[in-house]
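Shown below, as structure tokens, is a lone chain in the form predicted alone; questions about how it binds or moves come after it.
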Amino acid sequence: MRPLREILAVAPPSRRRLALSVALGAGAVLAAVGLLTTSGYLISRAAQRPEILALGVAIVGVRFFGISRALLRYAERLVSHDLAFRALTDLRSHLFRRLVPLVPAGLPGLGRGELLGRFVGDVDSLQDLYLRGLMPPAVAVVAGAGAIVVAFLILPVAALVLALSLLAAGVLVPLVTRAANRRAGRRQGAARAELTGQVLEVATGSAELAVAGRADDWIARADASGARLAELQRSDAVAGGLAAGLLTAIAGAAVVVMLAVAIPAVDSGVLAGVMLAALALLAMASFEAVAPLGVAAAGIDACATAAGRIEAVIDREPPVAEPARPLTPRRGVLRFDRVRFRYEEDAPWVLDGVDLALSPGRAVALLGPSGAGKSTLAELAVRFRDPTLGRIELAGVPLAAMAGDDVRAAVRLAPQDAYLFTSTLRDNVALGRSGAGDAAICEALEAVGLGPWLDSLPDGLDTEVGEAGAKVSGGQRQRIAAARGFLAAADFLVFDEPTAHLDPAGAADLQRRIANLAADDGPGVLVITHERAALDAFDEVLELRAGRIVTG
């Protein structure tokens, strides 16, 4: 249960809403108890054919309890679901905040489908923690105690019978149903995540699967995963049916025992005969208080599994640690001093003694073969990772002494696989600078060579780029990503392979445009590329070989 406690600590429910939900839920159950108890009395008393006025109070009571039960149940559903959804919103916000520093360096062992399953499916599963795990036990205690008090006022020995019956149902039913459902509940989260991942792979890779003629194979895999999840859900349904059947059996036995102790009381004159049916129906209605406990127990292991899967993500240590008292970055030289880096302790060095100085107003091209560590160097420059050995400084201040957001405000990275969001051209370029106006966005697009294309678009900046930029070409995608860098008000701009998907003429044009950014005391520009066109536009050309930088 530790993961559940951790989740409740991260996203605690509102105490006020929780108390109100319990009060409304208990009120709805007690209204049901009052409805059936009063109905039992009314039926028995009406059989004696008294004056109609003698039944007035009972008739009003039946109407009151019937209406109040519906209203209280509606209000309880409204408040309890509002509580759960607010808590899930807080949990998603916390999970997203924890993911932000983890994602740039990657999440080993977690694919996109798996991460989506945890962020969506597992979080959604935890609504049962709030709706079925917290409120039903409290409602059962409050409403059960109220029903026992009512029974005591009618016949003290009946209160004892009802208390023992409710205790048996409240303990035995959850234990049995949880034991029956434990294995399926624990495996549902993983099965659901596996199915989500496979569906995501089929959807995103549909073109490749169709070309290779393997669509049926992958659909069959997804079908098999869906069948496994359905089997686990059937086990869950069996456990729910077991809970309902066992509860009905205990409730029926309670009514029989209640009648067994009440009939002698009627014979002895201790209990009025018209109250016999009232007691029997009171016992039946009281079990509404403990009815949700079996279903809650059946799902508690699924909640615990989902909480554990979420905890496994949010408890990961970020690749870089934020300083307790971060220093403010100043404009100056971005310097790599004997930087060494490797991904694991026994792995070979990716960077092995890199020395690099990048000054504002200078454009530097960094060449190197694929796998030489150029992208790793770019990630170090924006502090997605920290060097294993050596120092990276900005104006003499170590990057490790600055907040990550401050570093990335001063040093902006345009990654090789820059993502285009499913939105407009305006929104995608404006990602480079918050609050940028249309004029600045158009200027950035013009600067990267997309001016004529922009002018040809009927919707202009309102043009939708499609999912992951599906409605634009590869070259246009690269230039849009570069436009973000042009728009950014940063001291240094790092472009990682900005000319991918461009023809030689287009690559040379874009590299020359990027190099010109550093002119007139502009930002420092570092272009990581394998494209040797337009290198004369740069102030310095370097090459990364065997983990070290040499003059190109």
Partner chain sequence: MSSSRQDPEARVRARATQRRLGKASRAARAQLAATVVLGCLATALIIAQATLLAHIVVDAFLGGASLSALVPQLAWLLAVSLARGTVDLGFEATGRIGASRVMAELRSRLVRHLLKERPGALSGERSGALAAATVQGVDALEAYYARYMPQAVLAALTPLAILAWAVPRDWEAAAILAVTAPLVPVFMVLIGRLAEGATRRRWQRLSRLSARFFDLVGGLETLRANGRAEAQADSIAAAGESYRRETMATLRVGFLSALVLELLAMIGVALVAATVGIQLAEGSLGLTAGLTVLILAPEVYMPLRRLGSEFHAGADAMAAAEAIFEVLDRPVAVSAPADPIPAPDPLDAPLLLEGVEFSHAGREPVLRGVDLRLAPGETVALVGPSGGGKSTLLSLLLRLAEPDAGAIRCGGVDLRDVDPEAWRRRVAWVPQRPTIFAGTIADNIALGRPDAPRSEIEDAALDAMLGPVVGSLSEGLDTRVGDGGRRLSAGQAQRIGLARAFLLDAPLLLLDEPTAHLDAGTEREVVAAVEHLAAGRTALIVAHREAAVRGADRVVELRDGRITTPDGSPSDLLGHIWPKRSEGLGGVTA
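What you are looking at is a predicted structure, and each value in this text was computed from that prediction instead of being measured. Between two forms, the rigid core is defined as the largest C-alpha subset superposing within 1.5 Å. Positions refer to the first chain, counted from 1.
Keep in mind that the form predicted in complex with its partner chain is missing from the display, and what follows is about it.
- Among heavy atoms of Asn516, none comes within 4.5 Å of its partner chain in the model of the complex.
- Its partner chain in the model of the complex comes within 4.5 Å of a heavy atom belonging to Ala533.
- With a 4.5 Å cutoff on heavy atoms, Asp503 counts as touching its partner chain in the model of the complex.
- Its partner chain is not drawn, but in the model of the complex it has no heavy atom within 4.5 Å of Gly522.
- Note that among 326 to 334, 82 to 90, 135 to 143, 301 to 309, the stretch whose heavy atoms approach its partner chain to within 4.5 Å in the model of the complex is 82 to 90.
- Ala277 is the sole member of Ile392, Cys442, Leu356, Ala277 with a non-hydrogen atom within 4.5 Å of its partner chain in the model of the complex.
- The listed set Ala230, Leu461, Leu175, Ala168 contains one residue whose heavy atoms approach its partner chain in the model of the complex to within 4.5 Å, identified as Ala230.
- Contact annotation for 118 to 134: residues with any non-hydrogen atom within 4.5 angstroms of its partner chain in the model of the complex are Phe119, Val120, Asp124, Arg132, listed in sequence order.
- When two forms of a protein are overlaid on their rigid core, residues whose CA moves 2 Å or more are considered shifted, and Arg484 is not one of them between the shown form and the other one.
- Taking the rigid core as fixed, one finds a CA shift for Gly144 smaller than 2 Å between the shown form and the other one.
- Comparing the forms between the shown form and the other one, the C-alpha position of Ser434 differs by less than 2 angstroms, with the core used for superposition.
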